[in-house]
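So here's one chain in two forms, each on its own in structure tokens, numbered structure 1 and structure 2.
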Structure 1
Amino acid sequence: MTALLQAAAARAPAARIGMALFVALFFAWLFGPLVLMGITAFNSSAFPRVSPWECFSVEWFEALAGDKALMEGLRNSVVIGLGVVALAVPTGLAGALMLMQVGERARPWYYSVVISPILIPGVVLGISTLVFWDRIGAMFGAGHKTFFYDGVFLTVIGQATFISAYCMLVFISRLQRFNPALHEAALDLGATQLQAFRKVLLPFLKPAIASAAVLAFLASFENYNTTVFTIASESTLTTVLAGKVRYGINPSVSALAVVIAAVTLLFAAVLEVARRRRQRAAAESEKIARGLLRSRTRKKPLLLEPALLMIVTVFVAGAGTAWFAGSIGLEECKAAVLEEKRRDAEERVRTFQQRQMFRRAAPQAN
């Protein structure tokens, strides 16, 4: 028994090292491309690359702000994403509530039907949306300047057809933990169906509504297969990026990735601070109910939370430092890099000429 314990103790450090190595490799595989792409946003090279490094620069963020096509595509993507959230979240919620109401025998069939848009390729959804609304517009005699042929409207409709199914799955997972007796008790106490939904069910579904809204916006923001057919003469961020990749890109795309990642991390930090505030409020309410606390402490505004203030300060200071470091001495660095490239080119020309002279002199020596 002692020998087995000693052998297990000897294997424990090796197991921990192996687990740490596996975790490190996993995160390197997951986030390595994003980190490298972020680094290329600060290289003054005209092509996104990490090596050879030229100069630390923030000029590609300025180029990003001046790219009208990219900014227009980003604006359209945000508008479309908000439209998809406004349409897909209520549709998904209605589908989930309906699923809870149908009979046990019909429930699998209903579930298969409403979840089927997820299984349909995005190309098919895009083409079918375009053809359907074209026929509807022709039936009403609408012109091509009406909303029947508007790219933003068609994209919102086309994306919502399958994103609403994702939202429905989120609501179903939440509703499975809901106690129907609470709804019935509200009705027994004189509440109407609308009041019971607004006072009992809707507060319970708030976390699912937030999750479904974020999921719908992100799914819409990065969608390409459906959007490329429905956007018509307009453009979104994904279609603009696809065109840039086809004809050649510069590090402004990497700068866009850095901005999106930074904004995402900032919002995640805000949500985490808000979640911890809710946990503290719930703990205080429980202590008050038990008589362990007489009154609730006065809440500070969310923006005055010390953790959030520190995160925002670090974010602003980091952005300001990077901007200052990437702006000062940039022209001198570029001039030095250009001079080095010129010397390298001259050296290569001299090497090539020497080789040519050697090749010409070799036959004469023979």
Structure 2
Amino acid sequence: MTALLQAAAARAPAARIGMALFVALFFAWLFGPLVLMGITAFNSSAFPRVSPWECFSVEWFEALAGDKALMEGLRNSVVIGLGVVALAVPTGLAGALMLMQVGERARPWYYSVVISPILIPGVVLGISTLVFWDRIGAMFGAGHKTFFYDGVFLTVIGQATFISAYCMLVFISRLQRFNPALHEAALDLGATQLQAFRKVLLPFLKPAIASAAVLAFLASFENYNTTVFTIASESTLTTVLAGKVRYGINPSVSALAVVIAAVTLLFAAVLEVARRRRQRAAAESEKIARGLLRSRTRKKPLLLEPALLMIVTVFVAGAGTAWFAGSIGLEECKAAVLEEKRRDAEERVRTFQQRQMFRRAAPQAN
């Protein structure tokens, strides 16, 4: 993309402007809806909208915290997310390790089979999970209070079927970069297979385990298609939200979006800072190897990295400012808006009445 931009820049000013416009449109298309939604969270209007702007307020965040159904759904979503991580990450790892072990000829077949849950529509996975565990439950003569019919349990199981395949993809790409000679070296030095796995392969996979866990959690958190069937009488964040949309939403949903976006951004920032630290450490190692540097500089704790401190400060300050600005003068503003609305309505009534009178008068003039 940058190469494309450079090529355009080299050509002509007109092309440059066209390109800039295109890029702007592209980003507007990507992030416009999110930004708009974020803004609506701070508008005191009872329906999520940007205009007309009424009062800057944080009351929808408070409404969010007070929304029992939403909070219950959020809690379930987190529990299910953790459950899926606990189930899908080891399963995905096992699947990826297996792929490395099976013979050259069986590999494509094996791969297609284990990857297929990703290709099957989530709806189908949801229904089949429900039916399968119902049959199993019936086989054991289990009642409807048992875990065979428990929404959270079924959702964890159902989501894990395809999320473990995601995790497997993460592990496969990491494992492809593993030097199998390291495993052999460990064996050669007297390690058992288990020791070689624990001391050599597992540390190598650590970053992949972390990203698989994050991926699994996020995939579970945002899942709807499968969940809507398996959740039974319980609820998750997505099912609650879907229900709300059906009956009309208020801006507390926007507030939730803001919170989720903020958490995501913060998390991404932490990851980025950690990545840069690793890069710097690697560059330092390289210098030491070439004798340009005597020893490593001491590592600060991650949270004390200046970049991260700054980001956290900005977040906290932003939230604090919003809170402060949203609470002062809110009542006055609301009263003013109400007053304005009332006057608006009166005005409209008056115009209406005048028009009526005019209409009644009109036929005589004709």
Partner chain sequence: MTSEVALENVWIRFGDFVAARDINITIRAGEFFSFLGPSGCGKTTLLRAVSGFLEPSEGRVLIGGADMAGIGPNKRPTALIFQNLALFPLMSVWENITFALEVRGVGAARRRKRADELLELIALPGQGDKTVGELSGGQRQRVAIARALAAEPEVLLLDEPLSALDLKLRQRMRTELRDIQRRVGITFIYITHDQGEALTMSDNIAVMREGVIEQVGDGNTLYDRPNTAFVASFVGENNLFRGTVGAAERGAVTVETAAGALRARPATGAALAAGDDAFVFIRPESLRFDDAMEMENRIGAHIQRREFEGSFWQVFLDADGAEQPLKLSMVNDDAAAARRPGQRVTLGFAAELAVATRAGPLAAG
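What we label the rigid core is the largest C-alpha set whose atoms superpose within 1.5 Å from one form to the other. Throughout, residue numbering runs from 1 along the sequence of structure 1. Computed from a prediction, not measured in an experiment: that's the story for all the values here.
Here the chain coming from the form predicted in complex with the partner chain is structure 2, while structure 1 comes from the other form.
In a rigid-core overlay of the protein, A345 has its C-alpha displaced by under 2 Å between the two structures. After superposition on the rigid core, displacement of the C-alpha of C333 between the two structures stays below 2 Å.
A movement of the C-alpha atom of M310 reaching 2 angstroms or beyond is seen between the two structures when the two forms are aligned on their rigid core. On core superposition, G18 has its C-alpha offset by 4.5 angstrom between the two structures.
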